[in-house]
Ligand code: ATP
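Shown next as structure tokens: one chain only, the form predicted on its own.
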């Protein structure tokens, strides 16, 4: 029998427990119905709640154990009232990206039903894009620098390296090859030297992919075009902070963060998580939307890449599309009344392998 797929589960904070448990249930349903793939899961305590318990949101011993797993499924991390002395929230999910060198941030955006979009006349499936965010440098590069007491200013450094730009841009081209063969570079090359450099790396690589249509769009224009003509985009590749902002904007076009999955992928490790936050105000109430985490689990199976995993991922995607084809099947974040339990049961019930 094949070795099990070992998944480290990091529920984190707030609604993280609610949504990760739902995703694991869906994986178990896929496992039982498919028959070939086995999933071995183990939970680890990481996040603001762990900081309150132990004084460290990502204990070193825990990190070492996590490294031994095949993939990481993460819920949500951070609590507004739990901060470092300099005022910023604890973000062990960013520590994982940087320490595991997860440079390729994937943020897929898909419109399941026309009622979910605030835009007029957008049919189901008309918005179908993949935003790729460089996740290890950019404007996040100096996020851990300390502000000196009494300082009259604060500054952050936007760092773009040739190595960092090249590998995420190539990821963008490869993703476009498997989709509709169009790649959009999003930058601010007209103002920032770092972004002009990012564009120069893109321009150097582009001729290696003659089958891919390319365009270059400034980030402010990209925000406008996402609202005016989102269906014109296929794959977008951009810097860390720009990707952080635009991925939330894009999620708002299709129903919100509750259906916004994500993955952060490196050459060896990968983390899969919903793009939403910990929402402590609804934690434990049983009304959190599990769809983003369930879709992130499907991305995890796609990344694993063997035949059984791909089959399982396709089954999850089909089930979610079937459930969301009914505009009444929504949790409160999307204007519906379903509980986390009810939404999870609907998706499991729609699984067909």
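Note that the structure is predicted; figures quoted are calculated from it, not measured. Numbering follows the first chain given and starts at 1.
What comes next is about the form predicted in complex with the ligand, which is not displayed.
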Looking at 203, 213, 281, 267, which is the one with a non-hydrogen atom within 4.5 Å of the ligand in the predicted complex? 281
To verify the annotation, which of these, 164, 92, 258, 230, has a non-hydrogen atom within 4.5 Å of the ligand in the predicted complex? 258
Assess the spot marked by 25, 319 and 347: is the ligand within 4.5 Å of a heavy atom from every one of these residues in the predicted complex? no
Pick from 281-289, 46-54, 29-37, 311-319: which stretch has non-hydrogen atoms within 4.5 Å of the ligand in the predicted complex? 281-289
Looking in the predicted complex, any heavy atom of residue 276 within 4.5 Å of the ligand? yes
Touches the ligand in the predicted complex: residue 333 (any heavy atom, 4.5 Å): yes
